[in-house]
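Below you will find one chain, with nothing else, as structure tokens; this is the form predicted alone, and questions on how it binds or moves follow later.
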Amino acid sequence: MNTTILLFLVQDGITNGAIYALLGLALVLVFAVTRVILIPQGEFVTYGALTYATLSAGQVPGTAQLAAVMGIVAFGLDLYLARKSLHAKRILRAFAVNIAFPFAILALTYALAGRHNTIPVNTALSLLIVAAIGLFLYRIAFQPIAHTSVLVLLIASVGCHLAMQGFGLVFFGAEGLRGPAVSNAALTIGPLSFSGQSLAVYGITVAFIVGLWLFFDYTLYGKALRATAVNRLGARLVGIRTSLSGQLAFLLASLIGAISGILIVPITTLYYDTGFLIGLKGFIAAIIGGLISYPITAVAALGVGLVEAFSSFYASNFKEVIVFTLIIPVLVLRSLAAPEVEEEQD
């Protein structure tokens, strides 16, 4: 290996690591607030990428219809849970969020389909669609069981992953898709050439990390999310709506996943199940960060990206095995460091 190859591998590792950092931060955010290990985070990547590619091809993505159907189900749940104290204001608010919002997105999607829309328009519409799916996913699948154990939430998360992956196959088919690049600019530094897409990955990753820091430290909703993460019961006692905190966490996670997918799809062909593998690598970074530390998760994600890049050069057939093996020593160390907890007696 010479210096040029080394630089190329580092560049590739940092680019992939930036994507894994976004996903790892989203996983930490959701787990801290809701105790949900969000396995469908990879599906948000897939949905964002393939929705963007489908819109760029002038077609209506099935995800827009899925968001509308999920909104109807969420509206039905709201009416059922409030059946003993139905008020016009409450019904109108539920109707606006669960019916008017997703159907407005669906109508806009049909209106724009078939036109030569600009990249920002397709990007914004893709983010709206996936954000609605993330919002309703929490409302339908996780909010009714928010106070159960982590194991039950994990089982529900696995079920959501399988269902969303199946829907992805129905909506987008088994063939892979690619989308247009966000930017065609290029930058050359010595032997390295940076495409506009790679620069967008770096810029958006840094912007998200800074934005999350500002959000959690300087906004009321961010402080409410932090309070919910520290003590869910205490947050409820001081008047913070934990259900709203969960919805915000899933909304942010779905947006981060969709943006990651839109950044990836011009670089490589994505299939309906590709996001799961990408999400798992973000999960490794989140586990290294203990599912609590944002800085450690971001640094670990860059490490995962570098290990993957060098593994693909030295042992391409085993690169996935090598990357996923990183989680074993971390789990062993955390298991040894964890205090002993006696099982509850029946």
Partner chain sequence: MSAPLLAVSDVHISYGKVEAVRSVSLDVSANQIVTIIGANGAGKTTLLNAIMGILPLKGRVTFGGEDMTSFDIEDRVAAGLSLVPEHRELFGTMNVEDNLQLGAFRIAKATAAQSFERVYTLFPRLKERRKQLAGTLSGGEQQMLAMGRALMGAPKLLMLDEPSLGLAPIIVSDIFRTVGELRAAGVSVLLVEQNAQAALKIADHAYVMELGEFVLDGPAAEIATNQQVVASYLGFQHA
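Since the model is a prediction, treat every value here as computed from it, not as a measurement. Positions refer to the first chain, counted from 1.
The form predicted in complex with its partner chain is left out here; the points below concern that form.
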>> Under a 4.5 angstroms heavy atom criterion, identify the one residue in G76, G173, G114, G234 near its partner chain in the predicted complex.
In response: G234
> Which one, I72, L177, A163, I240, lies within 4.5 Å of its partner chain in the predicted complex by heavy atoms?
Replying inline: I240
> Are all three of Y221, A224 and A227 close to its partner chain in the predicted complex, meaning a heavy atom of each within 4.5 Å?
Replying inline: yes
>> Which is the contacting stretch out of 268-276, 181-189, 241-249, 100-108, given heavy atoms within 4.5 Å of its partner chain in the predicted complex?
In response: 241-249
> Does at least one non-hydrogen atom of R83 fall within 4.5 angstroms of its partner chain in the predicted complex?
Replying inline: no
>> Just checking whether H147 would be counted as a contact of its partner chain in the predicted complex - the rule being heavy atoms within 4.5 angstroms.
In response: no
> Should R90 be classed as touching its partner chain in the predicted complex when contacts are defined as heavy atoms within 4.5 Å?
Replying inline: yes
